[in-house]
Each structure stands twice: as structure tokens, then as C-alpha cells.
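Heads up, the chain below is alone and in the form predicted alone; it's given as C-alpha cells.
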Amino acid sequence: MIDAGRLIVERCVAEDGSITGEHGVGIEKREFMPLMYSADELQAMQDIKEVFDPAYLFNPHKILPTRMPTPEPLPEPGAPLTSTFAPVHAAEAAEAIRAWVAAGKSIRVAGASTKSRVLTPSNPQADALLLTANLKGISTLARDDLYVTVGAGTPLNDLQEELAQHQMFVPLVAPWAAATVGGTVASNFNAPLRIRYGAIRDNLLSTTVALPNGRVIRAGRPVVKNVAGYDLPRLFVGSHGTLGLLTDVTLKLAPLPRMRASLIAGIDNDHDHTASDRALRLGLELQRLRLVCSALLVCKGTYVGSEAPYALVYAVEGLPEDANEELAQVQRVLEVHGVEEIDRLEEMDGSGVWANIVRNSGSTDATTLFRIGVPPGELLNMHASIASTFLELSQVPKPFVFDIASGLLYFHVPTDSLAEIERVRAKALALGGYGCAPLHAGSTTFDPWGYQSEGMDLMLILKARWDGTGLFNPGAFVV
């Protein structure tokens, strides 16, 4: 029986699949793990196990094989490269990392530099720059299996244009035209369409990574469900390049929706609420209707061509019968609440509205893009604490947008108002959320993250395991 099972999993692995896609790896299949994973990949899993459970007290004798394969010795590092290097594959990136680390040089990772500009007092700049400029293009387009593998340095817009020729797309959106696939994944910069297709971590199947220790691992596999070992791909989502350089990324594909449309509702004050407060309340009520909704936003009316002070944007995409019915239900609810200005725009993409606002409120020397995340049910409380300071003052331009379903608010803060941010952060933390300015590139005395998670000690241990010298992308994230 076990021998027959081994033959089956060998065939699965030969087809670039997984040794299990349902119940995970327990006792029987743990000895099959080396069929699927290299010694370096299994070592990475063991590192994670020991971070959380150094004494091996929890579920011992599961997942990892009885006899762990020994990773091959790394080649001796060569001479340090030039201060800027763009590798063409993961092995070349790992070689550069080993050379720089051996020479004691700090390394900054950058794609298009749309989201990698954070500076800290301890790291105003790095000695070496590792670029993804040569890690471009689609290597595998598996339309029948609904996945695509693409170089991490590929601009996301270029990938979408190529996929559109096949009537497909990946459900990711970036506000900046130059933003790369790898940078979008590494920064976990989610767009509103996550409510329709899931977050970035839900759409990432696998990735190849050059680790800070100079080894290369392939995290995950290009299958819809892989439960063999730890879910390593998610570890790198939101790591901001501090755990390794993503060299390629495998993402789920989705067919282009047969219909896209949006309702734009102009919202004025009423007897009980300001326009912004009223728009938020309506948006929260409309959440119960969303089945094919791809964006549920509140922004200033001028951003979407409305003459009202605020606008509620409800976007849908999918089959025409589903999309039309949902918009009809939304319109009925808005009319019941006395909303008179309701326009329907065909082919309007709600995430595109969000991207345009975020792009135009991005960080500069004079301003900072600030993001608040709270449970959606707390958005009204969060709004009440910041409206008079950041959203209503007319003398300072402050583009902003509420992504209601995700519980996120993006807004534009003048750099000289950063002192107010600590009060806002404290309120967000009290509501179970956070406040950060991940693109901040101004004063190095300002902390862009604002808090440390309860898992910080575990993050630091894993970071130290893979980056013992602390030279890889220092200062790019809270670790």
C-alpha cells in the first residue's frame, strides 16, 4: 500500500504537482517530503518549526522527514560585485548576495522603487543595490491549469496586457504604472478587488526566492491546493524583501469578467449626518448585498465626476445577469435612503478609481500617504476621530479613499502634520487596527510603521536565522 502511494506521489511530483492536496502531511507521507522539496527547502521549514517550537513539543514526528537531507555546502563567495547588480536568475542573485555579505556590504532590494523608499536613522542607504530589472517575462502560461509564472521584475501592467490577449488576468492592481509583480507581492499592497478574488496571499501559488543566507528555495507549487509542508509562499507576502529576493512568482489566473460596471452615488449632508459619515453608513449597509462586488469605496465626489461633496462607488464584475441584479439591488437601497444622484458607468473599474486616488496622493517630500486599517465595523469610529483634522479642512488638498470592505483608509498627510499621526495611530490601535505610512521617505525620525506586532520576537528570530549579519534589506520593514 505504501509502495503504491509512493509511486502515485512520484508521478505527481514529476508533473510539478504536490504530494498531497487534501489532508496535509502527517506520519506516512513525511518520508515522501524529499521527493518534492530540496534539502534547502526542507531546512527552511525546519527553521520555521524551531522558531515556534524549539523543543519539538508540538505534534512531534510529523511533516518533516525522519532523516532530514543535508543541504549542499555553498560555494565560496566570489569577489564583491559592483554596487548595483541586476541578476537574470535566482542562482545569480544568490551568488551576488553571498559575495556582498562576505564583504560586509549591506544590500537594498528594489524593483521599480515605487514602494521601497523607506529610510531609517540606522539605514540611510545601503552599500549595494540588488535590482529585479532583468527578472522579467512570463516563463509559464498554463491557461488550462489557471496559473502563470512570471519574473518578479515584470511590471504588473505588462503582465496584464499580455494575459488580456488570452482573455485572462491576475486579480492584482497597483496604483503605479511601473510597479512590479514582485514588489506588489512583497509589499502586500492589496487593491479593493480582494473582496471579489481574495487577497494577494490567496492568489500566490509559489515563488522562487534567493534567501539572505545565499541559498535558493522554491516556496509552494503551481497547484490550486498544496498542503505538503508549511505554506511558505505566504511568509514572503508583506515581508518587504527582508526575508529574501523574490525572483519569480506563480499566480492564479482568472478569466476576464464578461461585464464590469459601477454605480456612482453622490452623497450630501442630511439632517443627522455629514456627507462623509452618511456615505460610510450607506457603504457599510450595502456590504450585505455584495456577491460579485469588486470595490466598495467612499471618496470625494470630485474624484469620480460627481458634484456632491462625497461619492459612494459600488463596482461589480462577473456574469451580466449577476452583475445587473446586484446593481439593481444596490440602487433600490440607495433610493430608499433618499439618494437622488445615482449614475451607472459601464466598464468602470472600482480598483482603477482607488489606484488613481492613491497614486495622486502618494508620498512626496511634502506629503505622506498614510494607511489606516481597522475592522470594517469600526470605520465610523475611526472616521469620527480624523474627519475634522484630515478629511474636511479645505485649505489643504487631501486626496483620500475608504476601501470599506477591507476596512482601509488611504489619505494624504502634509509632512508638517506628522505629529498628528500618533494620535490617529493610537485610535486605530484602540479599535483593533493599525496606522502606517509604508511609502514614507521624508524625515528619518518618523517611524512609518508605528507599532510592533505581538509576533515581533518570532519575526526577529527567523530574520536572524536567514540573515545573521543583518545586511539584507535593513530598515525596509519593522524588522
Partner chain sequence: MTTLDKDAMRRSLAGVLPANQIVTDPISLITYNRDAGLDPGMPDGVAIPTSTEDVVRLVQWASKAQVPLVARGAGTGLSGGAVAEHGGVIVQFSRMQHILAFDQRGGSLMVQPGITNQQIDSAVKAHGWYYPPDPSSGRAASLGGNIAENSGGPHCFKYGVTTNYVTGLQAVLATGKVVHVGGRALDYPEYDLVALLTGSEGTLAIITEASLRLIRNPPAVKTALASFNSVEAASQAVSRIIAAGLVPATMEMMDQRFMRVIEDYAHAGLPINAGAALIIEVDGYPASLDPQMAEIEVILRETNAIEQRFAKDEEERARIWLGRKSAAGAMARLAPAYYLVDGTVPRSKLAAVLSDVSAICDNHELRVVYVFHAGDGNLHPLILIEDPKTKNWCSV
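Predicted model only: the values in this text are computed from it and were never measured. Residue numbers count along the first chain shown, from 1.
Heads up, the form predicted in complex with the partner chain isn't pictured, but that's what we're talking about next.
A.B. asks: Which one of 77, 309, 399, 376 is close to the partner chain in the predicted bound form, taking close to mean a heavy atom within 4.5 Å?
C.D. replies: Contact with the partner chain in the predicted bound form is made by 376 alone.
A.B. asks: Given that the partner chain is left out here, which of 287, 125, 84, 360 has a heavy atom within 4.5 Å of it in the predicted bound form?
C.D. replies: Partner contact (heavy atom, 4.5 Å) among the options: 287.
A.B. asks: With the partner left out here, check for me: in the predicted bound form, does some heavy atom of residue 194 sit within 4.5 Å of the partner chain?
C.D. replies: Yes, residue 194 lies within 4.5 Å of the partner chain in the predicted bound form.
A.B. asks: Though only this chain appears here, would residue 223 touch the partner chain in the predicted bound form if you measure heavy atom gaps against 4.5 Å?
C.D. replies: Yes.
A.B. asks: Under a 4.5 Å heavy atom criterion, is residue 68 part of the interface with the partner chain in the predicted bound form?
C.D. replies: Looking in the predicted bound form, residue contacts with the partner chain do not include residue 68, since no heavy atom lies within 4.5 Å.
A.B. asks: Taking heavy atoms only, is residue 471 within 4.5 angstroms of the partner chain in the predicted bound form?
C.D. replies: No, residue 471 is distant from the partner.
A.B. asks: Heavy atoms within 4.5 Å of the partner chain in the predicted bound form: which of the stretches 68-76, 320-328, 333-341, 84-92 has them?
C.D. replies: Careful reading of the contacts points to 320-328.
A.B. asks: Between 208-236 and the partner chain in the predicted bound form, list the residues on our side with a heavy atom within 4.5 Å.
C.D. replies: Contacts from 208-236: 222, 223, 224, 225, 227, 229, 230, 231, 234, 235.
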